[in-house]
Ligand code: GLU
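Okay, here we've got a single chain as structure tokens, the form predicted on its own, with questions on binding and movement later.
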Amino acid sequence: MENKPVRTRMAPSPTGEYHIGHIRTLLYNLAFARQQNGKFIIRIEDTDRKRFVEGSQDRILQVIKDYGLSWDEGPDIGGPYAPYVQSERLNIYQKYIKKLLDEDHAYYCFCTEDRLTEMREVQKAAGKLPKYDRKCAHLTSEEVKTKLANNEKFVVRIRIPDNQTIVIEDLIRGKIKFSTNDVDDQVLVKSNGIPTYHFAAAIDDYLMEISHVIRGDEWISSVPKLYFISQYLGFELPKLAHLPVFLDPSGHGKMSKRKGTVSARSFLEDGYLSEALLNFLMLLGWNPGTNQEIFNLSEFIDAFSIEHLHVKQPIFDRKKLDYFNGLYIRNLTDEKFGQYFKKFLPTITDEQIRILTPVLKERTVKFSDLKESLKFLFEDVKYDKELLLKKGTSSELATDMLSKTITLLSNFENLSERILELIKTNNWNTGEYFMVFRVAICGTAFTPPVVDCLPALGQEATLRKLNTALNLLK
């Protein structure tokens, strides 16, 4: 293994949207392979037909590309070990399951789902670890032949030896020990004849010469099965590295859909830049050993090392992500900033973009925020009179403020200076005035720099909004 070229893989299952955590795992696999002058492979593991979602394979491959990542071999570009989709490799797995059955490392199991469910319930009630009781492990060859001849439904299970301790060297965690007494005789081939994920993956990793498997630590419990499949078939195990999963921003429990959107696509749709997301993900479980925290993909590949991967679970800190995104937004050219502007606000004009870019570029955290904060440019937002008087302003004072502002806005030249002079002349409280003004224009108390945005709104629309607010006060 030491002298073999590095080959890593990511094996998405087309069962829905790609998780943001998968992008982090893929990023580490890609970086390690590229740094070692190896190959990074995408393989589609679609043996779970019950959870298969039509079209999700294409969506997964596309979102990986949208993050600016690529691969050297895969289902769309081929390679020397094609096909790269498990459902297209079913004939390959058949000879390996036959070998396991012939050598008594696997056996047919004819137990019904009802019996297995009852068995597990009894075990749980007795405080035992639910696992198969091996009823079918001791069937004679004649009994098996008879059941097969009668077309009884079956699965194929691996035969795990008792009373053994196996030790796996994990590249992140060091030695991990397992007792085979805690390992189930798990299913290798399902009743529909399709291999389970772990069985197919072990064979594919071997045939595709995968040297390293970097994956989430939720897969640690499956290591014994991988170990025995490989041992029984005479395969050399890839080197394993198990990454800690993200913790929810609260620090309690892993990120899940119950606590908010976690799909990789959703972050892009929410206005985060792919470069900022990658930079954020790079540091969720890895550090360079220096204080550097801004990396482009090329710099990350050069700096990456498995030795600097962490065992501790990282917290998915949205504030930190916002910090990175704001930083990357500020580094965009005005032209690029305008392109994103257009993407999230398709009806905005080029002239409005030109006016608003210097106003908003330094303040934008994510582009989806612009849709809400600039809603006042495109529609007359409804609001209550009470919001205009939020700071305890009287109706009479608010009316006076808006009336004199309307007179002032007969032209838009030097607006900021003239509004400040108006406030000073009338001895108004500045904060109180701008609360009334912001609500009148935008329909909300929290807005971008409203005076600077007025040229993008235009004089006619500005006056219409102020008059609408004035009428509300009557």
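Computed from a predicted model, the values in this text were never measured in an experiment. Residue positions are given as counts along the sequence shown, with the first one as 1.
Not pictured, yet referred to below: the form predicted in complex with ligand GLU.
- Does any heavy atom of Thr462 come within 4.5 Å of a heavy atom of ligand GLU in the predicted bound form? No, Thr462 is distant from the partner.
- Message: Even though the partner isn't displayed, in the predicted bound form is Arg215 close enough to ligand GLU, meaning a heavy atom within 4.5 Å?
- Response: Looking in the predicted bound form, residue contacts with ligand GLU include Arg215, since a heavy atom lies within 4.5 Å.
- Message: When the contact criterion is heavy atoms within 4.5 Å, does Glu432 count as touching ligand GLU in the predicted bound form?
- Response: So Glu432 does not count as contacting ligand GLU.
- Message: Considering non-hydrogen atoms and a 4.5 Å limit, does ligand GLU approach Trp219 in the predicted bound form?
- Response: Looking in the predicted bound form, residue contacts with ligand GLU include Trp219, since a heavy atom lies within 4.5 Å.
- Item | Answer option from Phe378, Tyr197, Tyr323, Phe235, heavy atom within 4.5 Å of ligand GLU in the predicted bound form | Comparing distances to ligand GLU in the predicted bound form, the residue within 4.5 Å is Tyr197.
- Query: Are there residues in 21 to 59 with a heavy atom within 4.5 Å of ligand GLU in the predicted bound form, and which are they, in order?
  - Reply: In sequence order, His22, Glu45 come within 4.5 Å of the partner.
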